[in-house]
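Let's start with one chain on its own, the form predicted on its own, as structure tokens.
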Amino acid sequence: MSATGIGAAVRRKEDHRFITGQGRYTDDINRPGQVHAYFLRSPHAHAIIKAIDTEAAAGMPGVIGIFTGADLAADKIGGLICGWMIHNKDGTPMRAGPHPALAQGKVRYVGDHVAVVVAETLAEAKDAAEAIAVDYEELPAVVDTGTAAGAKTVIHDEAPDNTVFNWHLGDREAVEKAFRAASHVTKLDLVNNRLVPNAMEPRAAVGDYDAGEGVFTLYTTSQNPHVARLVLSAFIGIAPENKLRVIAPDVGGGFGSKIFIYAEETVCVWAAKKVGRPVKWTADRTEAFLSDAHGRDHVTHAELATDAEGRILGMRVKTTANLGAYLSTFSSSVPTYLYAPLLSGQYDIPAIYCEVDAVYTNTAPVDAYRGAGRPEATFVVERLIEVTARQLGKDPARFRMQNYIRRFPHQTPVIMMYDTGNYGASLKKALEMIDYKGLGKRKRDSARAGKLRGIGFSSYIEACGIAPSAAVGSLGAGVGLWESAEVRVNPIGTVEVLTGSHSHGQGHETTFAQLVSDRLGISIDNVSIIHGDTDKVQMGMGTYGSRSGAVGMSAIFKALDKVIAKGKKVAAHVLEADEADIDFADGHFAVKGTDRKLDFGSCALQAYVAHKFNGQELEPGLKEGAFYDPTNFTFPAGVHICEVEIDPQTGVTRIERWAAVDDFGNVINPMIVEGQVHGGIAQGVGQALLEGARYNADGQLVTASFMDYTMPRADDLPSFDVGMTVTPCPSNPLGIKGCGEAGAIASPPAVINAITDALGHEEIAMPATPQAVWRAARKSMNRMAAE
């Protein structure tokens, strides 16, 4: 292993510009003559728009233009789309209501886009927006996930019962048979609380139009600029793809919320032509709370059947998933194909049946948030497993070990074919790291201090690098999920890599360069990674679902194979040898059995000089591209163990210990991977203990600021003890799996399992705030007193 190659803990190259304030984010981009957009948003969760009067506002200082949904319709600008088709149990398609970028006839959640004001300054745009008179006829709001389908109020005419789809997966008859044969059945009702992503950088957009060339340019905070261009062009109708450029510069966090195509970026790029000047919009934090796609929001009843020896026989799950007021770009896939196929977890479960009812409500759209379906599935599985072990009187670690999958490949009853893993090894290592044998003493010590101590397990599995394209296409995906790469070798041997993946905090400029450094034997400083610009990178599918390594880097790997193969041809001509006699290693092309060799940089120069190629069938230059379409998902897995101490007098839960053992296959940069694990755990702990988006009965978001929505801070988190096991992934050339979402998937059930272990009962839901824990602790003490 080289100092900068695969497996080296190289410090992130990009961090220098970030920590010195030299990053270039969308809000840093200011175009000559730009004006500012401000969106008038609905104050009502559900209302008919009877009239919009903009006359007074249009005459206010600085106003350039005011536009409504009628203006978009007049220009034949289409609505926002959902890119994944789900079918009902009876085979009929899901019921998708229209999603205009600016409301047309009706608003469906607080924050819905009613009009946009374009003015010289943002302050002038805000002032003018206040002068717009909107005549609303308010309608009753539908807010509750569990009762939306039975509500009398209809949100979309296309879905008269507010149901988007009734979907299922698995063998119902096999599950019924398993339950009839069971000696024990565990039943749980679970709520997976709604979350607001809250990336450090809020969403922003700058739309520009070059009248001379007829070209639109959109600068935006996107995780997948090529998909944004595709949707804006082919479906919304802004412009043909060759007349639309999308640039996603530095992006300060996404966590899934910046995958989607939103109203604001659509309107900004369209309005730039209407007003003849660049149009800029940057969300404030309240706008982000109201209009960024939220995450999670499931209500689930789950059951697990076991035999007399404690072996799992079957599982059945019924989930209601809240998709909000409109279908977001990938929302329909999250509670279906990214959820139910993961319900087997790490366990050998012969029969599984899952039903999912997706509903519309008068709330912000819900879509993928870090983990996207996998955290929801893991929470169901790991709470069921933990509670079953307690009801059977079994040690939770041994119960898991008893039911782990042991032979691979393993076909689950819900689509997935796990290719490799060693779940027992991860559990054993985690038990050692947490000092499981010493838990009893620590519990007694806490009890003497008047505290409650508990431990919680989470054996998670994840499906990353969603693939292959043929498979996801058969499941309803509207796009292929391959990735592209181009490797350009300059005459002096420096390398530019153009990738369709996009970095928004993952460290791609470092890890991707490490791969190139390792394969070509050149300095990591001689490698540049280029991404996020549809005029530079031919095409790409972006970054989400922990796909950048397994899919994005595999495309680079394939392109590097082609570069090396071309380099061997060049070296054979220069060294006057047969191509079959040329080896490449450690940055040198060498003739086998001789001391004749050519370093990579010299070979690159010769490729462009091309003097030796005269009359030969070899083109000058050294540039190669590749598309990589994976043959399977990758399946990272691991065990996280959380140990908590609760003060029953205050309800404060303190995480005392955390052991995380993950199997990510081969690791490119262990330091970056560990950072990803830390960040994921922090988000999962936030969901378990602190975070929860709440709407009141009128559809008002009552947690629309950091005063009401509690994000985790450093003092909420322990020192994480992170370890790894390795089973290389067989379905990509690097043997790597995804790591970016693991912590967020594993941590919520680990925390709740630890809290319920400490309390001695299961009556607590996320977020387990001090108030909720205090009330639950009172129940524990009352029960103890009664006994």
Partner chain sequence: MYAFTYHKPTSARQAATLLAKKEDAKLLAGGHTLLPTMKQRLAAPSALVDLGACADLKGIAVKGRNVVIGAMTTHAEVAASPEVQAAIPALAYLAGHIGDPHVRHRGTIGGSVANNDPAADYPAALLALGATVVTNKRKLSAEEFFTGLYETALDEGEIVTRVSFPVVSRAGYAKFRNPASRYAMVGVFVAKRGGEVRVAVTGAGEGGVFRWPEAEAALKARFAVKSLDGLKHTADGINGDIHADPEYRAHLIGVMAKQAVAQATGK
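Positions refer to the first chain, counted from 1. In this text, all values refer to a predicted model and were calculated from it rather than measured experimentally.
This next part talks about the form predicted together with its partner chain, which is not shown.
Exercise: residue 18 in contact with its partner chain in the model of the complex, heavy atom 4.5 Å: Contact with its partner chain, no.
4.5 Å heavy atom contact, residue 709 and its partner chain in the model of the complex: Result yes; residue 709 sits at the interface with its partner chain in the model of the complex.
Distance check, residue 419 to its partner chain in the model of the complex, heavy atom within 4.5 Å: Although its partner chain is absent here, residue 419 would stay clear of it in the model of the complex, with no heavy atoms inside 4.5 Å.
Its partner chain contact at residue 432 in the model of the complex, heavy atom, 4.5 Å: No - in the model of the complex, heavy atoms of residue 432 and its partner chain never come within 4.5 Å of each other.
Proximity to its partner chain in the model of the complex (heavy atom, within 4.5 Å), stretch among 606-614, 642-650, 287-295, 395-403: Careful reading of the contacts points to 642-650.
Contact assignment for its partner chain in the model of the complex, among 694, 442, 588, 177, heavy atom within 4.5 Å: Flagged contact: 694.
Contact assignment for its partner chain in the model of the complex, among 388, 703, 412, 217, heavy atom within 4.5 Å: So the residue touching its partner chain in the model of the complex, by this definition, is 703.
Whether 715, 774 and 778 all lie within 4.5 angstroms of its partner chain in the model of the complex by heavy atom: So, yes: the whole triplet contacts its partner chain.
Heavy atom contacts to its partner chain in the model of the complex at 4.5 Å, residues of 105-130 in sequence order: Sequence-ordered list: 123, 126, 127, 130.
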